[in-house]
Each structure stands twice: as C-alpha cells, then as structure tokens.
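Taking the form predicted on its own, here's one chain by itself in structure tokens.
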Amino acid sequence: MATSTPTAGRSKTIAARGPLVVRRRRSPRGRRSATLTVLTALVLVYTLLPLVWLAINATKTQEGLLGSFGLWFAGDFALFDNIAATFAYGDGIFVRWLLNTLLYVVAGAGGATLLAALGGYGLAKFDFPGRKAVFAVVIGAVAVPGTALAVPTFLMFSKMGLTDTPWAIIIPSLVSPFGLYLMWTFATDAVPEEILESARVDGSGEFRTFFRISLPLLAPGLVTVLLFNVVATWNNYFLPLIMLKDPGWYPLTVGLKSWNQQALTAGGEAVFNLVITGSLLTIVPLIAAFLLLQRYWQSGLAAGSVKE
C-alpha cells in the first residue's frame, strides 16, 4: 500500500496551480535616485567649470582675453605662445618658482608623510604612558586652522633668523596632524599584531620590521596622506606670503599673485594671459600625481596573511 508524503502532497498542489512566476526584487544598489543624480551633476559642474574656464582662457592673447566671452575661444589660438612667454617672462623666473615649489613639496610633503607614518604606526602598535594625552593633542591640532598659526610661526622664525629662507616653508610643512591621525587609525587595522610578533620572534628589529613589513601594508594610507600633503604644500599661499620677501624663493602661488598685482602698480605691465597660463601649468603636476598614484589606493593588502 503506497503512502504519500507531505512533500509529495505539496508538489502536487503546486503543480495543480500552474507554473510559478519568480519575481526578483531589485537590489537597493540598482535603484536610481533622481535627486542624487541631479546633486552629483551640480557638484560635477561646480568642480569642472573653473577648470574649463582656465583651459579656454589660456588659449587667448591679452586682447582676446579682455574682449571675448570667458567660456568660449577667441579668434586666435595662442596657447603655445602663452606657454613660451610664461617661461621666458622676467628672465625665466617662472622656472625658478616651479623648482622652489618642487623643493617645498619633496622636502616638506615627503618629510611630513614619513613622519606621519612613523608616528601613526608607533601610536597604533605601542602602548606607553600618556598615549591618550597624545591623542587629545593630535585631535586638537587637527581642529586648529593653519592660518591661525602663521603669525606665531612667523614671530618664532623671525627670532631664529629663518625668515626669507626655504626653511621657513619646509619646517612648518613637516607637521601634519591630520596625516598623523589618518596613519594612526589606518595602521591599527592594516598591520596585524601576529605579523609583528612573528617578525620579533625571528629577531627582526623594530625599524627593520617597520620598513620591510609594515610599510608595504601601510601603502594605501601612505599614498592618501602623501597626496593630501602634496596638495596642501603645492597650494600653500599665506605662509610663503608672510615668510618670504625675496622673489627668488617664491613658490608658484605667490609668484603668480605678484604677476597679477603688476597691473595695479604705477607703470606696471598687465600680464593676465601669462597669469592664467601659469595657473594652468601649475595644476598639471597635481593632476599627473593623482593619475599616477591612484592605482596604489587599494585596501586589503594584508587580507589572507594571517590564518584565523
């Protein structure tokens, strides 16, 4: 005598009702928000419009710049002539400003990134008295704007005789509270304690462990801090303005501002086309730095290195 199971009964009932239509719920990630799209478009326009204006007006002569619409080209294309005139104007002082800016970025931003990596790694992986006090000081330093410290820094450097020298720009650039905090939080999870313990058991010193093992794991955070410091140092204006008097030590920001102010002085030559072209040339290295370093923005480099 055959008996029917509950599963077989449910199958017969479903078959009698006909074929099932399976409805897939759309994932929240697949939904499109019109509001978010509009806001993103507005932010994109707000970001790109100054760059478009800069690129278009760098192709104009002095006369075309003053006599044409700002968001469209003039009758003549003078981009390459403007670039050549920018590098030649003032006995090639633009090249000197460019080299000065590179010096400040390499020494200041590079040193700040290295110090932030060392300090953040030490605060994340070593326990010592006063650690919470250091954390409070770092958070407080992040909240203080750099312009508020510019005048006290000038007074201190003036007594030390360091004003109107490259050290007046490089030394303050070495301090990056935000970079230190970012490396501190990143190193806490990016470098597993088991890897450090294994290195110490094998006889590796702390500095060797940091540079050979920990530093590659910190690469994503390190590149992020480096880009923040490079942009901050490259665009630094107020500190060089009050620290430097010799135009030979100007960075690009202060140098281009001095060109722009020539038209306001008696007998000064207006070189607005060179100011705009120089500004365009100034942002090219920053764009190149982002494009070259973005491939290092990866996470999970330590994934799978420790067996749970």
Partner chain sequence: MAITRRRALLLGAALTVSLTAGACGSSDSSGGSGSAGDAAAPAASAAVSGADIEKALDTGGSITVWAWEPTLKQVVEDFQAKYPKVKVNLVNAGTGNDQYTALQNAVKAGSGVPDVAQVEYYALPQFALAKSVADLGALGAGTLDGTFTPGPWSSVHVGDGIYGLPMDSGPMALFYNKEVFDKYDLEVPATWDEFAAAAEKLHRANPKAYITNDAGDAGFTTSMIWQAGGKPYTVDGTTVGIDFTEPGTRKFTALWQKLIDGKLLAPVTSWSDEWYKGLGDGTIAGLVIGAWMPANLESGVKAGEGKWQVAPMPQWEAGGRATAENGGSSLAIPEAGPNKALAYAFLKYATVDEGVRARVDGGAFPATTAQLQDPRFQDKEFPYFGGQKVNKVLAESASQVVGGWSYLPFQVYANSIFNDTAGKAYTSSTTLQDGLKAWQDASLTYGEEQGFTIKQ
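Residue numbers count along the first chain shown, from 1. Keep in mind that what you see is a predicted model, and the values were worked out from it rather than measured.
What comes next is about the form predicted in complex with its partner chain, which is not displayed.
Novice: Would you point out which of 195-203, 102-110, 153-161, 226-234 contains residues with a non-hydrogen atom within 4.5 Å of its partner chain in the predicted complex?
Specialist: The contacting stretch is 153-161.
Novice: Considering 55, 270, 39, 49, which brings a non-hydrogen atom within 4.5 Å of its partner chain in the predicted complex?
Specialist: Among 55, 270, 39, 49, a heavy atom within 4.5 Å of its partner chain in the predicted complex occurs only for 270.
Novice: Here the chain is shown alone; which of 178, 211, 135, 238 has a heavy atom within 4.5 Å of its partner chain in the predicted complex?
Specialist: Filtering the options by heavy-atom distance leaves 238.
Novice: Any of the heavy atoms of residue 283 lying within 4.5 Å of its partner chain in the predicted complex?
Specialist: Looking in the predicted complex, residue contacts with its partner chain do not include residue 283, since no heavy atom lies within 4.5 Å.
Novice: Should residue 265 be counted as a contact of its partner chain in the predicted complex, where contact means heavy atoms within 4.5 Å?
Specialist: Although its partner chain is absent here, residue 265 would touch it in the predicted complex, with heavy atoms inside 4.5 Å.
Novice: Wondering, does residue 32 line up within 4.5 Å of its partner chain in the predicted complex on heavy atoms?
Specialist: The answer is no: residue 32 has no heavy atom within 4.5 Å of its partner chain.
Novice: Even though its partner chain is not shown here, does residue 249 get within 4.5 Å of it in the predicted complex, heavy atoms only?
Specialist: Residue 249: no, not in contact with its partner chain in the predicted complex.
Novice: What residues in 40-70 sit within 4.5 Å of its partner chain in the predicted complex, counting heavy atoms only?
Specialist: Result: 62, 63, 66, 68.
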